[in-house]
Structures are given as structure tokens and as C-alpha cells.
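The chain below stands alone, shown as C-alpha cells; this is the form predicted on its own.
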């Protein structure tokens, strides 16, 4: 006998109602049930940070949560951050500072940095590096990411 649960969640400002198995990971719910593939799944152990989303405004690893835990909550994914025509200042700064190479880690890094920059509008390099220390990037060496965050902080405070 399969047990199913109803889940009602707001994602990127849109309300979704679905019936899911209790073992369905939130990352899989976002990607497969809602088609929001910007939430990447890397390690599936919460180590790499590529599945980071904002859950009630706080960055969380969506691969460590079940979809049923999101019932009644609000989620922001990278798709809700900006559009190609109207980039979020952080996305714009990453583009301008060449902070992206393969891009696999980028959505998780962006979602980690949104609340960081809201709480810390003028971070120094050490604070930026500490903020992204939970997000693994295999391509960039992080310097261009740090540069992008500095540029974003300038854009957001202007």
C-alpha cells in the first residue's frame, strides 16, 4: 500500500498543490514535478551546495529535505530570482565579472548569496569567501565569484 500526501507550497510566487510520496526529495519535486531544473543536484548529501534554494527566505539544501516538509512554506529558486530581460543585480554582476564557467554550481551559489548580501550589504573578501565556503565549484578557483559578489554589493547599494 502506497501512502501519499498532499503538499501545498508557494514556489517563486506561484502556488502549487501536488500529491506526493513521503520519500520524494524536495530537489526532485522542484525539478521533476514542477519542471524547475535550475535547482541542480550534485552530491545528494548536502555537501556541494548546488541544490541550494531559499526556504522561507533562508538558504537550505533541497536534497536534504522531503517535499512534504515544504507544505505551507515559501520557496525561491534561481528561476524566481530574475529573467534574461531583467536580471537580479547578483546575476548581472556574475555575468559582468565572468563569475561562471560551467555554471553547474552557480544557481546554488546565487541562492546562498541573496540573503547574505541582504544581511551584509558591504562584505569584505573574507566574509564573501566564508559565505560561499559551503558551495563547491570545480571550475573557477572562486576569485571571479568573489569579484562578482563585490560588484553585486556595489550594484545593490547604489
Partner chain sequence: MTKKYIGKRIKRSEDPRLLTGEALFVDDVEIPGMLHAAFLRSDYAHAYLKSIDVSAAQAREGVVAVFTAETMGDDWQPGPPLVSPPPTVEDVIFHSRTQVPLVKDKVRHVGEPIAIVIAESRYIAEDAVDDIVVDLEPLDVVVDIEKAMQPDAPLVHDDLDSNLAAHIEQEKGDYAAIREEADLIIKRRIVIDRGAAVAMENRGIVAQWDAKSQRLTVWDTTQAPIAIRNGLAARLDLSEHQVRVIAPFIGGAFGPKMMMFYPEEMLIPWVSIKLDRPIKWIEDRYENFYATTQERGQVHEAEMALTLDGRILGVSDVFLHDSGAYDPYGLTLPLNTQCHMMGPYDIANYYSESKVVFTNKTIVTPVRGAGRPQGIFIVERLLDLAAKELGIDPVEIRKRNLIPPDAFPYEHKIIDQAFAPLIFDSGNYKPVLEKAADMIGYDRFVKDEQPRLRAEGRHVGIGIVPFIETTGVGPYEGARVTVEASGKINVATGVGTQGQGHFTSFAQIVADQLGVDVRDVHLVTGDTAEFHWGTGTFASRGSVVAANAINASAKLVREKILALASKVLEAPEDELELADGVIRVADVPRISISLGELAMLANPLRGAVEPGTEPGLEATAYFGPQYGAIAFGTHAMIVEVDPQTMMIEIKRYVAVEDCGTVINPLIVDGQIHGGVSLGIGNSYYEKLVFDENGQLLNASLMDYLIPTAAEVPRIEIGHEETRSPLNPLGSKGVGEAGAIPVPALFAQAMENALPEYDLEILEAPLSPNRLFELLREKEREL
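Predicted, not measured: the structure shown is a model, and the values here were computed from it. Numbering follows the first chain given and starts at 1.
Unshown form predicted together with the partner chain; subsequent notes refer to it.
- With a 4.5 Å cutoff on heavy atoms, residue 38 counts as touching the partner chain in the model of the complex.
- Proximity of residue 75 to the partner chain in the model of the complex: non-hydrogen atoms within 4.5 Å are absent; the residue sits far from the partner.
- Taking non-hydrogen atoms only, residue 141 approaches the partner chain to within 4.5 angstroms in the model of the complex.
- Among residues of the shown chain, residue 150 is one whose heavy atoms approach the partner chain to within 4.5 Å in the model of the complex.
- Contacts between 123-140 and the partner chain, taken as any heavy atom within 4.5 Å in the model of the complex, involve 125, 129, 132, 133, 136, 137, 138, 139, 140.
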